[in-house]
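Here you'll find one protein chain in two forms, each presented separately as structure tokens under the names structure 1 and structure 2.
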Structure 1
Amino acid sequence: MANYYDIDDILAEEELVPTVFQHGANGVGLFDSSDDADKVEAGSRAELPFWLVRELYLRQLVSIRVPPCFDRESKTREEIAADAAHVDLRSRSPYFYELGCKIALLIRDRTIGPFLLVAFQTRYRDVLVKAHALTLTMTPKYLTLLTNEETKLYEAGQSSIAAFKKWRMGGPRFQVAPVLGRKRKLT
């Protein structure tokens, strides 16, 4: 279930997932735009938001076709195995890691988890190095390749280096811990 107040979790669950209806259904024609009838036949394919797919899958009304970016024979896996740092994951899904974890848990695919881990580990170092080294002119181009999670990591790296530079240039060297500033009561 989505974290109710987390906007990123809500948006991750809005990502479309390919499904196949196992049973026909009346009154849901908006899922299948191939005809004007207000029904979906068994075997119809549709792309639905993950939050809906989860509920329909748990009720055994649809089967999930793994999105192409997570498929075992996908081009994405080959690209990440070759050079993960230069793969445009945002175009595949802005919430690549979050969606992958949710799908892996739902369909119990044991290959998606290690794939996501390898992808994140190989891109992690590159994201932090570029957060410290990129100029302002190169930053917008680079950010278009990053997923939502990696963008947050990049921004955290930039704020970290900015705080370090401020400290090094003469900022406060030591800070008194808030606990030490309080007076103890005499008993």
Structure 2
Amino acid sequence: MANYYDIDDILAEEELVPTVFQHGANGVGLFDSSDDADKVEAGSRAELPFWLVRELYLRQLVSIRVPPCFDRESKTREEIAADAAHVDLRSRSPYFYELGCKIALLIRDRTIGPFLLVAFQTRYRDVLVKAHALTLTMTPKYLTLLTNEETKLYEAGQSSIAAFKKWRMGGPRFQVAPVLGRKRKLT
């Protein structure tokens, strides 16, 4: 509930997290649509959005299986360690860092924090160089690799450089207020 009005924070909590039910529950068959019994057996697995998982987890109704992209022996970790800049994190989760933070704090996994930091440190450098160097035509291909956070960072860098270049080239010196463009009404 850190940023109640932040749409990205809200969307990050929509990400699905794999969980295991610790108790059976009636009337919530929609979580586990394998049969018509309209109930969830203890021990069954389901992917639930994070905001729901947090509440259930704090009540000890479910246990969390760390999503594959944060898991200790996952392929993602190996890829990040090898060459973080070219890992497609967006396909893992568009809110990779935010979700990672939230999960790490919830289940108190001490390895996720440093892992996220290392990932961002190496990728940050690449974002920086590309934001300041790439021309607009080349961007779409690169942007597909970035998470939401990184995309925003990239765009922040890119747009300020573009604005500066436009100013230096001498764009329109004066902007006509929209009021002035209108023709005077005949009275």
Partner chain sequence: MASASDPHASAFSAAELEFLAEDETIEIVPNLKMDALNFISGDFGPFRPQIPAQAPLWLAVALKKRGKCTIRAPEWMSVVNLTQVLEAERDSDKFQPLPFHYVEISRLLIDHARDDIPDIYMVRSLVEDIKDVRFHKIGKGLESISAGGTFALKLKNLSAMEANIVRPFVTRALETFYKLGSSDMIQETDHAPNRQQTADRGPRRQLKDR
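Along the sequence of structure 1, residues get numbers from 1 upward. In this text, rigid core is short for the largest set of C-alphas that superpose within 1.5 Å between two forms. Since the structure is predicted, the reported quantities are computational estimates derived from the model, not experimental observations.
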query	finding
Structure corresponding to the form predicted together with the partner chain	2
Core superposition between structure 1 and structure 2, C-alpha change of residue 20 at least 2 Å	no
Per-residue C-alpha change between structure 1 and structure 2, residue 162, threshold 2 Å, rigid core fit	yes
